[in-house]
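Take a look at this single chain, the form predicted alone, given in structure tokens.
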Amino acid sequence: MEKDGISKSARLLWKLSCFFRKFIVSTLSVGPIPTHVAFIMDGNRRYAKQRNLKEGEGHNAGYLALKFMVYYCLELGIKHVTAYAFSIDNFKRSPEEVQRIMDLMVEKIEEELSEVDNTYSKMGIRIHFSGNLELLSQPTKDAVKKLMAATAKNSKVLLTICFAYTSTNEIVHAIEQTCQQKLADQMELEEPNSAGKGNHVVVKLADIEKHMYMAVAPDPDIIIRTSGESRLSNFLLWQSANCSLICFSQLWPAISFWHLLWAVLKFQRNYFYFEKKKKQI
């Protein structure tokens, strides 16, 4: 009986919070809404340490925080959400910790693919993984591909998870791919004996951007970082020339709707300045 009472109270509180958020969203929608919000999810391990949680529980809490944040973005009408989940540099951590994160990734993907808890599909969210996915273990790689395929037809929000990602790796990869394609295209057009006659390859900005891992989404309007840090940490360096970087002292699992609300309000306040800067480029 007491369990039911708690459950009913929780449901009532959730309904009330949904109603309150809808009221806020209707007010915010009078102004511009960001198209793309990106998150640097920093502080999972510190969150677990502060609360004396078992190893890995911080990442579990961080995953739940991401699900809530995606839901809030959906409510606000934000079409693109990107999460910096795992840097290439994170592979330098202990093999045990890296393996735990890989196992957690596979576990959460399997949950999402199950009929019981296919939350993202119910919300119409497409999931895409960006990064050097060849660095992942085979089970993780297979799970990632399955989830992307399972959500490919969803269209309300695109959630891009940057995994095995750094911006410098993305840029080098894009330049390599661009040059390879340009050279291949040139060889097809040239006559068999015309090599070395002064022809040169022209590489344009758009050619490189087309081969970026993040070509699936427009440049971010807002990048939010938690845990009190104010660094990009090799995240979206190419794409962040004209966006707002907002830092919160809270660790990632403690992020809330109010943090997102504050970020959107700040975006609206600076909207015309950023739009002017974009037009000057």
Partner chain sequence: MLSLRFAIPTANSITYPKPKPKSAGLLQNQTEIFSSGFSFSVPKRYDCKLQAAPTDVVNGKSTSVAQELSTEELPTGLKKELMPKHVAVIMDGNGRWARQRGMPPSAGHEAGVKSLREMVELCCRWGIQVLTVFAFSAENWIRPKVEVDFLLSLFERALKSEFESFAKGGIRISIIGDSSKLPTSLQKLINEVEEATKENTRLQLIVAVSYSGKYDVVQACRSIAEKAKDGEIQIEDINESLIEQELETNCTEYPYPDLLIRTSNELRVSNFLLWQLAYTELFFVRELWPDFGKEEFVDALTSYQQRQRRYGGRHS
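Positions refer to the first chain, counted from 1. All figures in this text were calculated on a predicted structure; none of them were measured in a lab.
Another form, the form predicted in complex with the partner chain, is not on view; read the next lines as being about it.
The partner chain in the predicted complex comes within 4.5 Å of a heavy atom belonging to R269. Using a 4.5 Å cutoff between non-hydrogen atoms, E107 does not count as a contact of the partner chain in the predicted complex.
A152 falls outside the set of residues with a heavy atom inside 4.5 Å of the partner chain in the predicted complex. Contact annotation for K146: none of its heavy atoms lies within 4.5 Å of the partner chain in the predicted complex. Only one of 161 to 169, 138 to 146, 68 to 76, 125 to 133 places residue heavy atoms within 4.5 angstroms of the partner chain in the predicted complex, namely 161 to 169. Every residue in the set S230, L237 and F274 has a non-hydrogen atom no more than 4.5 Å from the partner chain in the predicted complex. Interface residue among I33, L53, A61, C247 relative to the partner chain in the predicted complex, by the heavy atom within 4.5 Å criterion: C247. Note on contacts: among I175, L113, V157, M102, the single residue with a heavy atom within 4.5 Å of the partner chain in the predicted complex is I175. Although the partner chain is not shown here, in the predicted complex the stretch 74 to 90 places heavy atoms of D89, N90 within 4.5 Å of it, in sequence order.
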